[in-house]
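Before any questions on binding or motion, here is one chain by itself as structure tokens, the form predicted on its own.
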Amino acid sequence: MRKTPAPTDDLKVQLTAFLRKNYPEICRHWFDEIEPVDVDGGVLTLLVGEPVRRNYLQRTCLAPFTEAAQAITGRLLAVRFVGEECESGDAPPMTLVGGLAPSELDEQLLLSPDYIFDTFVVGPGNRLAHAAAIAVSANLGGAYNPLFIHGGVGLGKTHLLQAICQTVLRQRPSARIGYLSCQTFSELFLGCVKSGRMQDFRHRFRNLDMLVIDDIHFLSKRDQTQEEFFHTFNSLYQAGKQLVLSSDASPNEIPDLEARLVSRFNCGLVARVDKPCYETRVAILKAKSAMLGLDIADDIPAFIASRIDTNIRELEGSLTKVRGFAMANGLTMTLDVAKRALADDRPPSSVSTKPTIQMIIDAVTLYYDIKLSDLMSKRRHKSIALPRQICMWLARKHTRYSLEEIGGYFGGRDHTTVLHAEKKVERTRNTDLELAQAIDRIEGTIQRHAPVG
């Protein structure tokens, strides 16, 4: 029987090109590191050195890779992801908790290769949580124990939890880590109670090196689960094992949580993550673009960041929408394309007859012919500083935002900066006819584009 020729570099290039064209949403820059190593028995073997990446691909990307392999070769191939340590070419799935049965693997939250410390953008609102997470990764049980991270939805809590897990796994491959949601912990507990397997449950969770629980606030009003988690917490803590918890509220603000659990959650480090400021939002979008292999102008992240100030998920969702719109229409990702793609995503305030800050920014940048990224930057040149001050003055006049909120829109500036701008423009426009006329024209543009009530 003739042996199938080994895969060539051309196959690797074609495979990546097919995925980037047909499944851009799954593609990452590290896909270039995936190596085809063998085609044998109707199976294309792909080498993926990083265990977390390999497990992620196996569980979420198998179908697209299989389609790509079949389309390129014209053969009915299956795809298998393997690691360097597996001589037989059949790498077992990565298990975070020792002793798990195959049917229980899905109970573990899947680690995403995207969620590592290198891709986490640090800003004023998350600096403490980030520093604490790094410290915990380097010294399990000896830095901050427990580490309790809390904040609103989509602000990076899960990113930090997964970054801790992945760092520990790289440094200590044999570490026994449990990473799951509070909901799953509760369901496993109740299932073991009903089936009389509490000994198995306790053995599973009280012999870990690190227990990581996402959304621990779901313990609220679950008396039985709280009782069991209290004993699990004590067992691990007393053994010097690491506990990492996340929640949408601080321990003291979780309703119906037993006082003894509140006390234990507070005995380590409680770190809050807040909404990212404008500059952090821009940096997040740039980092996401780089991870997706997108080459975009600085104006696009600046534009999206000026529109979305809620959370990271909505920021990334807007970037995805812009990319999808550009691809669907065969367009290059420009600022104009971004504005068209997000034209229907107006903030709630835009349904009124009052103009929004974004409308003010658009009118000012158009009039002065300056880049949005320059307007939001720290540059103090008069050609940039004056339009920025006019934006702030107009925002104070036409919107109900506070000085602090307006400052946040313009690169996270202090409220005193906005107050200074307001007073300076008001004073100058009374003596400078040219400035007064410029403001009148800008306001005319704003009114023409303001929504009709």
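Start at 1 and count along the sequence shown; that's the residue number. The shown structure was predicted, so the numbers you read here are calculated from the model rather than taken from an experiment.
Beyond the structure shown, there is the form predicted in complex with a small molecule, which is absent from this document and is the topic of what follows.
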| item | value |
| --- | --- |
| Candidate stretches 70 to 78, 261 to 269, 183 to 191, 154 to 162 - the one whose heavy atoms come within 4.5 Å of the small molecule in the model of the complex | 154 to 162 |
| Interface membership of K378, the small molecule in the model of the complex, 4.5 Å heavy atom rule | no |
| Partner proximity in the model of the complex: F230 to the small molecule, non-hydrogen atom cutoff 4.5 Å | no |
| Residue contact check: R313 to the small molecule in the model of the complex, 4.5 Å heavy atom | yes |
| Contact of Q242 with the small molecule in the model of the complex (heavy atom, 4.5 Å) | no |
| One residue of A132, A341, I308, I284 in contact with the small molecule, assessed in the model of the complex (non-hydrogen atom, 4.5 angstroms) | I284 |
| Listed residue that, although the small molecule is not shown, lies within 4.5 Å of it in the model of the complex (heavy atoms), from K288, R197, K371, K321 | K288 |
| Shift in CA distance, L366 and L315, in the model of the complex relative to the form shown here, given it is 3 Å or more | closer |
| Pairwise C-alpha change, D369 versus A326, in the model of the complex against this form - closer or farther, 3 angstroms or more | farther |
